[in-house]
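A lone chain, given as structure tokens: the form predicted alone.
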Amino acid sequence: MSELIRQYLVSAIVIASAWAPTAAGISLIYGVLRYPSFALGEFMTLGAYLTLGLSAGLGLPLPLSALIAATASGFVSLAVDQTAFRCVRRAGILPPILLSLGLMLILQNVVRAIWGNGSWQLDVPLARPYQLLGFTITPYQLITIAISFVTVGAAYVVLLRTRFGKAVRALADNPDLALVSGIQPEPVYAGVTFMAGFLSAVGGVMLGLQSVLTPLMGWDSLLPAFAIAILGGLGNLMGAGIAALVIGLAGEYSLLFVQSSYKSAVAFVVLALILVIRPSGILGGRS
């Protein structure tokens, strides 16, 4: 039983690491642009499939392929924001939501058109698991945890310590005061959407390292990612990381008591109970 508990802990941390970057992107978009972006799940898919194409198709090393894919996804996110979304910026919350739903369907079907509806795997060599502090963990699980931590942590530092980050926080806290203070919103919005696309693509690559790639992998991860963003406190990247771990632990350890088909339900029960106690999320109000 103790071995099983340790393995569930590893699995929870790994799946939380794959979900956390996308949840951070969702939280970032909502915190600054004030709408939930349903397209970010498909940026997970786009990042994973672009990595597949660059590594398997062009023969590039997987780390380089992942970096190029995440950067390209960020620029796609930026380009769509500065064209389509910019036109409806002042039209309320509904038009951006509908645009994000349309973008979600477009990206999903672009992936289907190029790679088909089948399953793919990233071309990684087999690696034996090894013991680390009493836990059995594979190298790819360790890589997933490390990259997710570094990526989300770097985004948090950028928002906390840089001039761009100060502008982001000013627009998130009080847009009118930020405009009066001379902050130009569009460059900030461009940077935020690039970061969200980049983070989501990183999450997709990390998820692809742990499972197969399918055109619906982003769609399947969208609801957990939104749950994590809400639980962590919308607009709070650190909260998204903590909430990802909470949801991951709740889902994995529920397997000790219920069948695997109920795992998601248990995780969302935990989500509901926490939000009853803290409606603004774990770190809500501490952006």
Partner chain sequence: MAFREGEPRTMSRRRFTALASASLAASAGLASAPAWAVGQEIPIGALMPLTGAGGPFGQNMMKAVRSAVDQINATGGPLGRRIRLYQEDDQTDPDAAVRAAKKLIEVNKVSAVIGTWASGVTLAVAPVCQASKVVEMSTSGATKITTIQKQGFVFRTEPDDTLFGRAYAEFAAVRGWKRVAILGLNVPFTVTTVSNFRQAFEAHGGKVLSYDTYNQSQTTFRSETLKAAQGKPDFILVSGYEPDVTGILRSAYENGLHATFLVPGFSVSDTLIKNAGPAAEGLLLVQEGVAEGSPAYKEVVSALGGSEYYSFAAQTWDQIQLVALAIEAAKSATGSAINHGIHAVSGPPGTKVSSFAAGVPLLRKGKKINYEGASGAIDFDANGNITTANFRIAEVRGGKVVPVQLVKNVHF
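Positions refer to the first chain, counted from 1. Computed from a predicted model, the values in this text were never measured in an experiment.
Just so you know, the form predicted in complex with the partner chain exists too; it's not on screen, but the next bit is about it.
Can all three of L78, T83 and L171 be found with a heavy atom no more than 4.5 Å from the partner chain in the model of the complex? Answer is no for this spot.
Can you pick the one in W120, F149, Y156, F164 that has a heavy atom within 4.5 Å of the partner chain in the model of the complex? Going through each option in turn, the one that passes is W120.
Find out whether any non-hydrogen atom of S211 is located within 4.5 angstroms of the partner chain in the model of the complex, and reply yes or no. Output for S211 is yes: heavy atoms within 4.5 Å of the partner chain.
Interface membership of V258, the partner chain in the model of the complex, 4.5 Å heavy atom rule: Heavy-atom contact with the partner chain at 4.5 Å: present for V258.
With a 4.5 Å heavy atom cut-off, would you call Q141 a contact of the partner chain in the model of the complex? The answer is yes: Q141 has a heavy atom within 4.5 Å of the partner chain.
Hey, in the model of the complex, is L207 touching the partner chain, heavy atoms inside 4.5 Å? Looking in the model of the complex, residue contacts with the partner chain include L207, since a heavy atom lies within 4.5 Å.
Answer range among 214-222, 22-30, 57-65, 35-43 for contact with the partner chain, defined in the model of the complex as heavy atoms within 4.5 Å: Going by heavy atoms within 4.5 Å, the stretch is 214-222.
Within 98-128, the residues that have a heavy atom no more than 4.5 Å from the partner chain in the model of the complex: Heavy-atom contacts to the partner chain in the model of the complex: S119, W120, Q121, V124, L126, A127, R128.
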